[in-house]
Every structure is written in C-alpha cells, then in structure tokens.
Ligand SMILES: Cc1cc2nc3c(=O)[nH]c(=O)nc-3n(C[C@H](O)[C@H](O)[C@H](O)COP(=O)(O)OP(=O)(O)OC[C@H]3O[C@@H](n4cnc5c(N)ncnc54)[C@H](O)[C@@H]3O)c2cc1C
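Given next, in structure tokens, is a single chain: the form predicted on its own.
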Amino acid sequence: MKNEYDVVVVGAGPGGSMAAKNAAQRGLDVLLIEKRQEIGDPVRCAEGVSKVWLKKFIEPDPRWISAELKGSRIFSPDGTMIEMAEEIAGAEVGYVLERKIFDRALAYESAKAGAEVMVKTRATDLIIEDGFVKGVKVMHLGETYDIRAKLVIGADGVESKVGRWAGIDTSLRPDDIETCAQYLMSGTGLDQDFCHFYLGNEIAPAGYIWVFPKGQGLANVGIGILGSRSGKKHAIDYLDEFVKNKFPKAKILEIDVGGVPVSGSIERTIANGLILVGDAARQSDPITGGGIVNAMETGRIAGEVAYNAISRRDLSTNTLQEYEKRWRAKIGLDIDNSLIVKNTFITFTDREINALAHSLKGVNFTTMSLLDLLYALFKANKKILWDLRVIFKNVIKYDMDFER
C-alpha cells in the first residue's frame, strides 16, 4: 500500500470492485480497500440476481452459482399463488449466487485489471483540502495512514460514512430502511427451480419473506420489514414464527442480519473529488431491496467517469456531473417508479393484497410482458392501484419508444 493513488475505492462489494476494475482497465493507479478481513462475508442479501443483467458484467462461473431458477412464486396472505417466469420476475430472479465466492471473484477481476486490493483496511475519515476530497485516512492492522488520491469512490454500503464525511445527506428515516434477517437452512424440502415470496402484514409488515433455493437441499430463508414497523417485535421474531410454521424440521446453518436502504434516489451522489455507488448512494430497488445489479452498473459508470475526470485534471462536481447524469438515465426512473410502488403497497391491507392476487389467478405469466402485467392488474383493481397510474403511463411511453 502506497501513500498516493489516482483512485481509492472504499468497499469491495460488487459496486466497489466494478469501479476499481473499470478504472484500472483504463490505466489508472487504483487502490481498493475493504474493512473486513474476508471479502463477501457476512452475506447480507438473498443472493438472487437476473441472468440477463449479470451477463452484461461478467461471464457466469459455476463456482459461484448455487442454483439456476425458472421463475418465482408469490404467495398472498390467504395462500393464493402467482407464478412468474424469470424474464418478468425482476432483477433478483435467475441465479442464486454464493456471494462469498462471487464478491471475491469480482475483487479478483479488479486485481487482474491492475488494482491493488487491501483487506482489513478501514476508512476512518476523508482528507479534504480547499473544498475537495483529496484522499482517505485509513486504519490497517492497528496502524493509521493518510492515503492521497485524485478521486475517492465510496462503495461502503448501507452504513456508508464516506458520503456523510463529504457533506452528502445519506441519512435514512425508519421508513427508508428495511431491517432484515436471514437463515441459511437445510431440510426445507423446497422446489429448487423457484424462489418463493410471501406477503402479508401478519407475517412481514410492510415487507416480505423470501425463500431462495441454494442447491443440495439448502435455502436462504429471510425477511425484510420497514424499520418503522419494527418495534417490540423485530424482523427475526417474524422470521422465527414463519420458519416454525413452514419448515418445522429444517435446520439453521447460518444467521445473517442487516439493513437495506429502500429510500429511492438521494439528491446528489457526488462531491468535489468524490463519487458514491451502490447502497452507499441509495441506489438499491425500493421494492425488493435488491442492489447487486444496480451497484455493478453504477460501479462501472463510476470507473469510466473517474478516468474521464482525471484525464481532464478536473475533479469538480461540474465534471463529475457526468456520473450523475449517466446513472440516473440508466436506472433512475426504475428506482423512482419502484419507490412509488413501495409507498403504495405498504398501505395495503391483507384483504387488498389478496384481491390483487385473485385478479391474476389463471393468467399465463410465461408470455406476459411488464406492460401486460400492469394492464391486467390495473384493469381489475382500478381503485386499489390508482396511485400507480404514473408508473403505468411511464411503462406505456417506454414501450412505445422501444417499438419506434
């Protein structure tokens, strides 16, 4: 570890590794730091990701694919089941990853591209001079270091401090974060071809329970509920009740807990000499909390913008605005629409959720597009879904533009 680089990336998750790789591929001197001693551990997600989206960034490797899914099954409070093919099931359905191996593989890709990777290295503050971020202060194996950089990329997750140190408001209200708990379980007897989602205010208020197969009889069984709904009864309490009723003979092999931002877009994700990516930039999906694909997408953009800005010798927000414009054009509308959906659905009673499910019984989702799905829902539930009409119009406009 030197005392000066072109770029320092804080956090070696999917977003950080993609940023480091893309910056290093363009000839920049890059340092990627991770506060934990093992990249990818602990796991803080259901580990599902779309095949189509993932293949945009990396060639799938059997070593880090636990299961390949055909689609998802969604269960309403009264047990009504809706089955969706993976093509329309969302960005979290396709492959179930082994994140501990996957994240390390991405970090390895950044190292192959030329980035230096340091674990057990915690950012403790930013170096700020004349209103510009000029590097990071770190602690490594009990020693403190000042590492200067032309640009710092913050990819330090939901707990991100990097953005706050630079004066970016990344604060989260209780309604802006899902508190999550997950068990890796054996003996669930789960169909290994489908992931399962369970809805209902009794089992997961303002959230949902997921069951993702991981092959060899294993499954991730987890829950996420809004922080504002977590009082005397916590997420893990709801999860324990579900497991007791659904999988009474299954065994818990691992426990993971954490938080996921579901706030939607924040006002800005850049400062002079700084870019935020992934959960640190609140770029996860407000409905599902999924963030792997979005983090990889914004990480790639950040690496490219880093090269452009350093080549121009201008690290001001004027130049880094390229990052803001590109990521918002790519995924910003999806995030904004998902926030509208989230804020609408958390108001639904179990009876209304059941009504939505009943209206879709018998629908063939193997050939249905997103537009078809929204139309079917809206036609059968106009009163319930009136607040989603803006999204409906956006999807129609997108579909018409695509056809042109």
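All values reported here derive from a predicted model rather than from experimental measurement. Throughout, we count residues from 1 along the sequence that is shown.
There is another form of the same protein, the form predicted together with the named molecule; it is not shown, and what comes next is about it.
- Although the partner is absent here, A295 sits close enough that one of its heavy atoms falls within 4.5 Å of the named molecule in the predicted complex.
- The named molecule is not shown here, but in the predicted complex it comes within 4.5 Å of a heavy atom of D279.
- Mapping the unseen interface onto this chain, C45 counts among the residues with a heavy atom inside 4.5 Å of the named molecule in the predicted complex.
- In the predicted complex, no heavy atom of E92 sits within 4.5 Å of the named molecule.
- With the named molecule left out of view, the stretch that reaches within 4.5 Å of it through heavy atoms in the predicted complex is, among 351-359, 64-72, 335-343, 46-54, 46-54.
- This chain is displayed alone, yet in the predicted complex one of V211, C180, A166, M84 has a heavy atom within 4.5 Å of the named molecule; that residue is C180.
- In terms of contact with the named molecule in the predicted complex, the residue from I287, L315, L190, V260 that brings a heavy atom within 4.5 Å is V260.
- With contact defined as any non-hydrogen atom lying within 4.5 angstroms of the named molecule in the predicted complex, the contacting residues in 3-31 are V10, G11, A12, G13, P14, G15, G16, given in sequence order.
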